[in-house]
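The chain below stands alone and is given as structure tokens, in the form predicted alone.
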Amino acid sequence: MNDSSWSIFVVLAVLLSFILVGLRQKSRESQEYGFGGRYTGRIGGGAAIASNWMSAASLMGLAGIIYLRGYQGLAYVIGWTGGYVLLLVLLASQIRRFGKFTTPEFVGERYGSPAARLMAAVIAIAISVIYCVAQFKGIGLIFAFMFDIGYEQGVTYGALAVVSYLVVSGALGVPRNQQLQYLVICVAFIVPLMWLARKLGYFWLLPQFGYGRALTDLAREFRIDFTLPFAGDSLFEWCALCFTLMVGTGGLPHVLSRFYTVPNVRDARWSVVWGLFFIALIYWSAPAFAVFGRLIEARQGIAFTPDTARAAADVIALKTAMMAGLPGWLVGVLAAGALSAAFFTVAGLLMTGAASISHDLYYSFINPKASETSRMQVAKGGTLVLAALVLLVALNPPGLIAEITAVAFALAGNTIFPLFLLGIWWDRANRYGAIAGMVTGVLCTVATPLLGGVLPGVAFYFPVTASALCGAPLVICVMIAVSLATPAPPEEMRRFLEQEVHGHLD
């Protein structure tokens, strides 16, 4: 068996293991479709959060963006990691105390408005679709790289695999599989990195620290300085991106849904702590692949044009392993880890979107008397529709994996995050402010594509991937102004916030 065959064998074996676990945990109830009805413990919940978070953007896109932009790419590391700290401090325990099942349900209950709930459901679906496009691109690139086929074929086969798994196993397989997935990711991402560091002569026991010498060698031997801050972008652009990713993390529906399914507030808080720890283990590793990739290219005399480097960025971790001459089975392990990260992020996103269609749109607005069976059928049908829509966009992706993902974070940070922040911490926020805030947030997110060519200032203050630095504060101000100018929310809700959400310590 040659190296290529070993790589394919490892990838297929990992995918088969996920399918088998999913079949054992098959979901049969619609209330479980999208949220998982079985508690998996604090550490298990943290592993599920981390695996749900460890997407193609984390394993492939992060290395790719640092490979291209050096220091500027660290905004993704800081923003995504800091977002979980923001969640831990501001939202995790309060969301659990509030006790609602989905983001649209929270919005509808807190603000007492079916219209606000409908808007939140549509926004949640849009966030899931945008995020899925990035993951589908990652899946397509891995399939194309491993099986030596075209990108279009790779993304199509990958979409079929994801949808088949979801329709067969539903949600109960996903939380259990996400713990298995995190173990796979740790092994798949860190072991090849250790092998790579040792092969290049750097400290390999902790390559996340050992690659510091590679940075020095890269600067000294080839005058490539990855540590030079703001070489290609301004301080404002870096801060805008970092802030957007932080507040976007606090507004992602498929992340927030994790806090509704734990049994108590303390476990919700500790699940975030463990999740942050597990996430950090991977985030320390991704930049090392970017640095080692640049160093190997420089030593081998490989010089890419900017367009060629951009095309290679999203698979730089795999290319680095190949250029370094790692064994085929180890390249397969790395590919399996990246593929599983994208695979299960898509699973969580599609289920979140399908749950919004089934529960928040169909059951709440179209057919309140719908049976469990019909709601499950709508959820699975919604999965197919969303997957088809994502596939159409992913066939011609609009940017790098990390860049596409950042757009989803911008939309979440401009819309969902302010709703939760004021909805939990300011009892005067009302339905009119919520609706005005969501409309403003959507406009801030799409301002540059619509008006950037006509008004240059719009493109500067509201960049597509980093619009929340100006957008989220603007939305909060709009919500406050409109809420103060209109009738206060019911006294029962204000009393509930005071007594149940903030009235005791856990």
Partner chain sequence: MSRSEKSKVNLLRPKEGHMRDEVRIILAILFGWGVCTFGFQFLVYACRGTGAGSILTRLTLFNLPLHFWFTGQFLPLWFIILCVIFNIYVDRISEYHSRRRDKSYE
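Residue numbers count along the first chain shown, from 1. Fair warning: this is a prediction, and the values are worked out from it, not measured in the lab.
Another form exists, predicted together with the partner chain; not displayed. Remarks below refer to it.
This chain appears without its partner; in the predicted bound form, the one residue of E297, E403, D427, E109 with a heavy atom within 4.5 Å of the partner chain is D427.
Think of it this way: in the predicted bound form, the partner chain has a heavy atom of just one of W238, F420, W195, Y165 within 4.5 Å, and the residue is W238. Only one listed stretch (387-395, 243-251, 357-365, 318-326) carries heavy atoms within 4.5 Å of the partner chain in the predicted bound form, and that stretch is 243-251. Although the partner is absent here, A115 is not a contact residue: none of its heavy atoms lies within 4.5 angstroms of the partner chain in the predicted bound form. Remark: F289 does not count among the residues lining the partner chain in the predicted bound form, judged by a heavy atom distance of 4.5 Å or less. Although the partner is absent here, T216 sits close enough that one of its heavy atoms falls within 4.5 Å of the partner chain in the predicted bound form. For F143, no non-hydrogen atom is located within 4.5 Å of the partner chain in the predicted bound form, even though that partner is not displayed. Although the partner chain is omitted here, in the predicted bound form all of F230, R494 and E498 have a heavy atom within 4.5 Å of it. Contacts to the partner chain in the predicted bound form (heavy atom within 4.5 Å) from stretch 199-222: Q208, F209, Y211, G212, R213, L215, T216.
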